[in-house]
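This text opens with one protein chain seen in two forms, each one given by itself as structure tokens under the names structure 1 and structure 2.
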Structure 1
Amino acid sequence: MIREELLEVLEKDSRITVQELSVILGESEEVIESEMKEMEQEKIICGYHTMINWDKTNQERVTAMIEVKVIPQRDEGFDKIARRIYEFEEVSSVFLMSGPFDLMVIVEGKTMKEVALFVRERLAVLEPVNGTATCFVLKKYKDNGIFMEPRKKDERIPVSL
């Protein structure tokens, strides 16, 4: 129970301090610390990242979601080909999917050209890869539960009984 709620809070705010966690969850700091440490070791907690809206920076960045059809290999299934793909630094996520294609590969690059080059030269040429469909992200509205645009102001009457 404490784990579930701890994760619920951390997922939204990884910078929250152990002391604050202890207050809002009503648990001692020791318990919070040891639970976090254990979950880090068990790879339940895989990192404490920052959510960035790159569109608001001066950096050029494009994201593509590439649907990849592959031929699974004997004894290895999809894992071996998945690995050959996810080891590329350009690739930020790889998921095995149900549905009309097999792997969802998310690639980040500086320009569309760069991503296209990666698909053409690196991804599509892999032997078990049977086909790719590259979809560029045009606009992010919501990512990981976070709205990209600021929400409306608090419209409640400031004092009500």
Structure 2
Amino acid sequence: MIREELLEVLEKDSRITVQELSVILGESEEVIESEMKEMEQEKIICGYHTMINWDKTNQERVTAMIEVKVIPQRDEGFDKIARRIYEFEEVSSVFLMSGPFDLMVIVEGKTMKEVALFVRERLAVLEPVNGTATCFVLKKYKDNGIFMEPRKKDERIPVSL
């Protein structure tokens, strides 16, 4: 039970201190630290990330979602090609998915041209890859549960009858 509660709190704010977690969850700091360490070793907790809204910086970045159709490999299924794809530096995420395509590959680059070159020269030429479809992210409104811009207050006037 403690694990699930701990994971839910950490997923919302990975910067929360062990002391704050202890108070929220009603457990000792030692128990919290022990649970976190175990979950890190078990790869339940795989990392701690900072969400950055790159649109508010001067740094040019583009994100693309690339659907990839592949031929599964004998005795390896989709795992072998997925491993090969996620080793590319440009790739931030790879997901096995249902539907007309097999993998969803999230790629980040400085420009659309840079991402297009990656797809054309490195991804699409892999032997098991049978087709790709690339979509560029134009704006992020919400990412990993985080609103990228403050939500506007409801300015409607309450009416009662």
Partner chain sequence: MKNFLNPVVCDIKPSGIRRFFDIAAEMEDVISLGVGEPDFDTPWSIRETAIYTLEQGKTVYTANAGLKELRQEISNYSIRKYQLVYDPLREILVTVGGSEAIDLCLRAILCPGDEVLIPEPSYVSYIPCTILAGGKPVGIPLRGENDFKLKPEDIEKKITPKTKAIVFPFPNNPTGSIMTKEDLLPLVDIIIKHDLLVISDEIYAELSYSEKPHVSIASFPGMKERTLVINGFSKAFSMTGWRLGYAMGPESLIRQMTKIHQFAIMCAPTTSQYAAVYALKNCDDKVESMRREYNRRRRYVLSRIRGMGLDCFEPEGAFYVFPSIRSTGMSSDEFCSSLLYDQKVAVVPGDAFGEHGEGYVRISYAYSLEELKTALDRMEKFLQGLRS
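Since this is a predicted model, take the numbers as computed values, not measurements. In this text, rigid core is short for the largest set of C-alphas that superpose within 1.5 Å between two forms. The first residue in the sequence of structure 1 is number 1, and each one after it adds one.
Legend: structure 1 corresponds to the form predicted together with its partner chain, while structure 2 does not. With the core held fixed, the Cα of E8 is displaced between structure 1 and structure 2 by less than 2 Å. Relative to the superposed core, K152 undergoes a Cα shift of 2 Å or more between structure 1 and structure 2.
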